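Read the single chain below, which is given as C-alpha cells and is the form predicted alone.
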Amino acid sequence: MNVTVQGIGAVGGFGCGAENLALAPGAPGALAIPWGEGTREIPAFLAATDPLERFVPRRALRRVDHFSRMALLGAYLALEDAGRTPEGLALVVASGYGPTATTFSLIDSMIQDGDPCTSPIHFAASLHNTPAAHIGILMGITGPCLTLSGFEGMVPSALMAARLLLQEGRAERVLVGAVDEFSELMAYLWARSGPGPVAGEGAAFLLLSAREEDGPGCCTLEEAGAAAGPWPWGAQPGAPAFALAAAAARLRSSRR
C-alpha cells in the first residue's frame, strides 16, 4: 500500500507552517522559571499559538491549555495545507510527556485545596488524550480517534497505527501527529540535570492518504522517512515527527 503525505502542519520555536519548518532554525528563546529567591532563564525553542484564532473563535479556546492549543494548530494547518475537509478522517495523536503544566497545576490544587476542591478543569485537561478530544470535537471528526504515549518509539507507533487504519479501510485519510510542551517543571528538571541539548516544544502533523484519487501529494511516507535528518527544533520526544514533516516539506519544494 502506497501511503502519501497530503498535508503538513507544524508549530514550534521556528514559527508555524510547513514553509517555516523547512527553514534553518534561529536562536532559541528563554523560559523564566522561579529559582531560589529570584528567577532563572532556561533556553528553549518555545511555540506561540496565536495563529490558532484564525481557525477557532477565541471564546471556544478559553478553557483550552497551551498543550492542546499547539496540537489544534498543528492539526488545522495540516488540513489547510492539504486543502481537505475533516470528512472521512481518522485521528492519531502521540505525546511523550503529555500536558505537564496542567498536570502539575492539578496536583498543586489537590495539595492546596484538598481532594474535594480539586480543579475539574485541570483534571480534564491533564489527560493525555485531551488534545485528540479537542481536535475531534472542534473539527467534527467522526472517524477513529487514538492517542499514544511513549518516548523513542511513539512516533513510529503512531505512523504504524495510521497505516493500519488506512489499510483496513477504517478511514479515507488519517491526521497523525505528535505534541509536547516545555513547561516550568520540565525546565526545572532540565536545569537540574545539567547542560544538555536545548529543549523544544510544539506539534507536527501529517495528513496521510492511500487513495489514488488524492494524487501524489508531497511525497510518500517512505520517501519522507528516508529523507528525514537531524532535528534542530529542540529536544523533545516528538522530534521525529518534526523531522518527517520537514523532510516532506523539502521534497515538495524540490518537485515544484
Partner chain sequence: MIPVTGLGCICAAGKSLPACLGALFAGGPGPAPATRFASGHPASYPVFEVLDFESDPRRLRTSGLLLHAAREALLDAGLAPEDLPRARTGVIIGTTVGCALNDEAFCRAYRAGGHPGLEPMERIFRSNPAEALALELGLAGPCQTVVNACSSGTDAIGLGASWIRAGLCDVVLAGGADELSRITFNGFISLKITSEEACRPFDRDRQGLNLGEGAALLVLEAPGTRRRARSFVLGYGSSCDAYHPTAPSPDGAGLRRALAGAMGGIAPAEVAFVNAHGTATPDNDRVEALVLRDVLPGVPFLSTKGCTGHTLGAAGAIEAAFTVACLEAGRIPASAGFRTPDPALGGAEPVREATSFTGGVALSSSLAFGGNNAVLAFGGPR
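Quantities reported herein were computed from a predicted structural model and do not represent experimental measurements. Residue numbers count along the first chain shown, from 1.
Keep in mind that the form predicted together with its partner chain is missing from the display, and what follows is about it.
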**Item:** Which of 146-154, 80-88, 67-75, 171-179 lines the interface with its partner chain in the predicted bound form (heavy atom within 4.5 Å)
**Value:** 146-154
**Request:** Evaluate residue 36 for contact with its partner chain in the predicted bound form, applying a 4.5 angstroms cut-off between non-hydrogen atoms, and reply yes or no.
**Result:** yes
**Prompt:** Is residue 226 close to its partner chain in the predicted bound form, meaning a heavy atom pair under 4.5 Å apart or at it?
**Reply:** no
**Message:** Even though the partner isn't displayed, in the predicted bound form is residue 59 close enough to its partner chain, meaning a heavy atom within 4.5 Å?
**Reply:** no
**Prompt:** Looking in the predicted bound form, any heavy atom of residue 54 within 4.5 Å of its partner chain?
**Reply:** no
**Item:** Residues in 96-119 close to its partner chain in the predicted bound form, defined by a heavy atom within 4.5 Å, in order
**Value:** 97, 100, 103, 104, 106, 107, 108, 110, 111, 115, 116, 118, 119
